[in-house]
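In the form predicted on its own, a lone chain appears below as structure tokens.
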Amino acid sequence: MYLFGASGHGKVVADIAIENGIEITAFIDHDVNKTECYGFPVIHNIIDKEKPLIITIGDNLARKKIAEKIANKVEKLIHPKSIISHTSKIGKGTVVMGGVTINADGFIGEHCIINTNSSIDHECHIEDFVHISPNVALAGNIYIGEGSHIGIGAAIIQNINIGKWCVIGAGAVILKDVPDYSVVVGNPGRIIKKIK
């Protein structure tokens, strides 16, 4: 397997691959100055288009742009110390970190990051290219639109809709719906600006 993105996030994903007994061939990175990451070689172009890969870049928009260009088969990786309901669905390219819980009828889209110790309760629907940061708590029946980033330790009450390409700040408490392209901070969460 290739890991596309030689960075700290890539190292965490490498650990998940190793825990699952998956052989890592190399990291791929456009930075020609990088030659090694976490004990693995860094190459700058995909050599084997038949080899599966995971995009290991934390930036949601960058991950989307790369996903639109690659031809390789894309896998998903799930840490063995996560708890995932058998009724949940997880899309290709998504990485689920250690300590995560995804409860009944959860839907996680493609190329998402579900980060360490986050909790996703029943019937949550998370679209593609979303990043759920460490220790986020999502109550039941939450919708999160494409590309949104939920900051570390944020909490969202049940039945809330978060629009696409939003940023929810660290530790924010979300009590009402958030429209597309909003940046929200605080407790209770308030919109402080719109993303262009």
Ligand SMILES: CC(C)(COP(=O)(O)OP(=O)(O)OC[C@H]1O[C@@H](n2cnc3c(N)ncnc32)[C@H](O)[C@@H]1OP(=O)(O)O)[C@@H](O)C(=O)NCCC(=O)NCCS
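Note that residue numbering follows the sequence shown and begins at 1. Worth saying up front: this structure is predicted, and the values here are computed from it rather than measured.
A second form of this protein, the form predicted in complex with this ligand, is not displayed here; the remarks below concern that form.
Among heavy atoms of Asn115, some come within 4.5 Å of this ligand in the predicted complex. When this ligand is considered in the predicted complex, Gly186 lines it closely, a heavy atom lying within 4.5 Å. The closest heavy atom approach of Lys193 to this ligand in the predicted complex falls within 4.5 Å. At a distance threshold of 4.5 angstroms between non-hydrogen atoms, Pro134 is in contact with this ligand in the predicted complex. A heavy atom within 4.5 Å of this ligand in the predicted complex is found for one listed residue only; from Leu53, Ile142, Ala26, Val167, this is Val167. Shown without its partner, this chain lists Val42, Ile157, Ile152, Ile46 as candidates; in the predicted complex, only Ile152 has a non-hydrogen atom within 4.5 angstroms of this ligand.
Contact with this ligand in the predicted complex, judged as any non-hydrogen atom within 4.5 angstroms, is confined among 143 to 151, 63 to 71, 157 to 165, 30 to 38 to 143 to 151.
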